[in-house]
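Single chain ahead, written as structure tokens, the form predicted on its own.
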């Protein structure tokens, strides 16, 4: 699931607020009533003066954790926010007290994005949300494990992606556009049954609006803290609204087309499945509206495209740093699959390749800080009282880089997910999709897609650095997700795959 954090830069308006707050600085500095360690705070602006600069939130929170401990508080303006930097407290928030902390804050940008929380990821916890989630989960199950439908969708797109990658004829190129286009096409086919040819105008429109949303939504940090700021001119919000209008126009057209052609029998795609299950009211009489269906489709793009394509690009970047890992995965593919096309059922026979995907999601989680949780009732974390309405941020980066749980956490070591016999091991502190009531509803789909794309690519071709190129920068840049910086790759076909021999 896509992450949402609070990038903060000092603006003229914030400077004014700081001047006003300085009148009470002596009285407010360092005051906290909860007993939980944490950052100082000022009236109005809270702890924001201690959070300026360019350090990404997940790294900033790790820095604060070294001073205040794995559980600490800060104030984002008036909002008390508890940061969780370790596995034990994260499991308490997500699992042991999952319902206590299953809420979501209402924020200006996400309310715009989701028509007031009519999606799954950003919607507040409620009976209607539970009904909606059950519908989405059952709809996704039609394309998940045990079904060949998603597999067929992905494998049809694998051919196009591999052909495009191999058409470079060994020249260095940036793989991000090809990978993102392939993943976007998978989501288009899954959501509304349209398969585009590469370069199709409507496909390009989908990619443009999705990228526009990704590039603008994280620039609303202050307006999500001080919602009254939305009355002022805001270029980022204007761009976000424009991208959302394009998105909603396209998806509304697809919805109307599906309604007009809906028939008995198996659903053709996700929109069909949602429409067929839409009419059943919940126990309290709540119903799933067209807005809920549209926002579910929109979220499939926001979450499904960016996270899957980014994870694949991170894994390729690390394989360029570690060619021995790529070679080991290809030996496993040769021994267990051979020359036939990889299928989803092969995943059990390819533990090392699966461990590469897991290690990619661990070392570079696309959601370094999970979407904020809200305490639905008075509760506690680690023995500290948490009042209803408190925001809770789970720092997945810190959890996945904790040296108490991971040996040499900054190194790319897929073998950490295998035991001495080469069988899969899944540590309890590995939570790439979250956990509990708010676990990512598309986890099984994402895992299948990642497996089929990566295994098929490594079966057919080898990735290497272009001549004279330096290995990819692994620091990344944070937007809606943590993306790798642009890098170039060269590919060569493996023996027997010079001309596609893929058989469905």
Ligand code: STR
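Positions refer to the first chain, counted from 1. Computed from a predicted structure; not experimentally measured.
A second form of this protein, the form predicted in complex with this ligand, is not displayed here; the remarks below concern that form.
For this ligand-free form, the site is classified blocked because this ligand, superimposed from its arrangement in the model of the complex, has three or more atoms within 2.4 Å of the backbone and C-beta atoms. Residue 210 belongs to the set of residues with a heavy atom inside 4.5 Å of this ligand in the model of the complex.
At the 4.5 Å threshold, heavy atoms of residue 354 stay clear of this ligand in the model of the complex, well away from it. Residue contact with this ligand in the model of the complex: residue 113 places a heavy atom within 4.5 Å of it. The closest heavy atom approach of residue 302 to this ligand in the model of the complex falls within 4.5 Å.
A single residue from the set 371, 223, 136, 363 has any heavy atom within 4.5 angstroms of this ligand in the model of the complex; that residue is 371. Of the residues given (85, 311, 185, 367), 367 alone sits with a heavy atom within 4.5 Å of this ligand in the model of the complex.
Contact with this ligand in the model of the complex, judged as any non-hydrogen atom within 4.5 angstroms, is confined among 172 to 180, 76 to 84, 121 to 129, 343 to 351 to 121 to 129. In the model of the complex, this ligand lies within 4.5 angstroms of at least one heavy atom of each of the following residues of 470 to 496: 480, 481, in sequence order.
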